[in-house]
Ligand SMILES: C[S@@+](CC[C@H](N)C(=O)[O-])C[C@H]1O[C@@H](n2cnc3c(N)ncnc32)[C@H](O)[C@@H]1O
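Shown here is one chain on its own, the form predicted on its own, set out as structure tokens.
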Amino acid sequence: MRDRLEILRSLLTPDGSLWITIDDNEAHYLKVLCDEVFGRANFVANVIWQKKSSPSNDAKWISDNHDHILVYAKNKEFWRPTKLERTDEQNRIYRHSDEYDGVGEDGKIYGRGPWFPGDMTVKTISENALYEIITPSGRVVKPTDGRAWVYSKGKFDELLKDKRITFGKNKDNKPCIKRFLTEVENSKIVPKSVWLYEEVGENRNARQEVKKFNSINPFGTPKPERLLQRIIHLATQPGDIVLDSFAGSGTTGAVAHKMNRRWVMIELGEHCHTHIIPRLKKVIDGTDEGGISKAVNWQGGGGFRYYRLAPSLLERDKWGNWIINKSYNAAMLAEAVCKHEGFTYAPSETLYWQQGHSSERDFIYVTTQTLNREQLAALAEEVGDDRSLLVCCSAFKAQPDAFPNLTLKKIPNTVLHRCEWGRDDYSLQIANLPLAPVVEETAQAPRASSATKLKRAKEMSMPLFEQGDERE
């Protein structure tokens, strides 16, 4: 997990955040590990999600009804959650009107708390907040011992004049501040750290959602779409990129898509074929009416690309040396090295050493052979003075700068140089390299100045995936 967390941290934007759902068995160990990678100062919260609404009667000890959601920011100073919309339930405390207590006739709806502890007092003692108040019924009230009014005498008189103070129906209670519904109905709510199943759903809801596209295997531990909706709402804005490195049944991508976010999901299991792709097809076609579809008025649209992770190009032999993976044939190897070196893979039908190009005069040749000086001299002569060639081979027996038109590299070295293994920053860059254009072979390639030596120190992105399928 440490390796994954380090990579995830480096991929986050400065105002990005990480959300991990985990149960009691590992939550506290993971918290310590995340503190190490992200820094304790960037810990945001441990959210408790009620994943089951009913107890497990077969539990030997205590029914496990919640999961943890550990929340970390890349930089807590930059990250702020998007506040939640108000609900009807939160507006129900605003049920009183001015006619109710006879103070006025404007009929504004207001609530009586719980902004202060019922009697409008606080623990902080201030001399100008210690005074007597006479209720409309004539009773004299004072703050409880050890407390003071929250407002000074002058401020209280202003609020009383503006009809912002209520003494209850019988006009004899301690004063309470009014807060009108019109003042807060468009305001947002700060999220709490306990999420009940009524708010964000539970595992049972999630299984029903999964059955819509896979009735045979509804997945072991799916997450409800409402849970991901809240996380994505708090953590992102429309158009942001959401990454789920353990995609499971694809809930994150489905919800992010419906919420107009861009998304990347990674899954090494067969869930990609049995759950994720079927689910996303329904999302895009607009036939997924479950989850949050109705809440966000989802009608379908968009698309996705599906890539398969290629096997590692290099592996260690029994002595610990890096060698070319035996699963790669000659064509696969040439294409992979072309990608690593920033060349377009385009093997020539007539010239064996033209397997790709970066320009009209700059080519690449990939071979598993060990090339001696005589072979390299023959190759240099065939390439000519007006073209340049990058030779990637298993080994070579010549000085690297012996031939002006050749650049010699050992395959393991060049690949290891391009890979992120052993780096501190893990700054992965993934891109789709252009496909080779279809061109007709010419008898003679265009020529350039022989004084131009290869300059290959290009900061090219390292493509990690093969495209397996796409739907747009």
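Remember, it's a predicted structure, so these values are computed and weren't measured experimentally. Each residue number is its position in the shown sequence, starting from 1.
The form predicted in complex with this ligand exists for this protein as well; it is not shown, and the discussion that follows is about that form.
Of the stretches 146-154, 264-272, 361-369, 188-196, only 264-272 has residues with a heavy atom within 4.5 Å of this ligand in the predicted bound form. When contacts are judged by a 4.5 Å heavy atom cut-off, A334 does not count as touching this ligand in the predicted bound form. In the predicted bound form, D244 approaches this ligand with a heavy atom inside 4.5 Å. Within this chain, T221 lines the site of this ligand in the predicted bound form, having a heavy atom no more than 4.5 Å away. This ligand is not shown here, and in the predicted bound form it never comes within 4.5 Å of any heavy atom of R2. Residues of 31-56 placing a heavy atom within 4.5 Å of this ligand in the predicted bound form: none.
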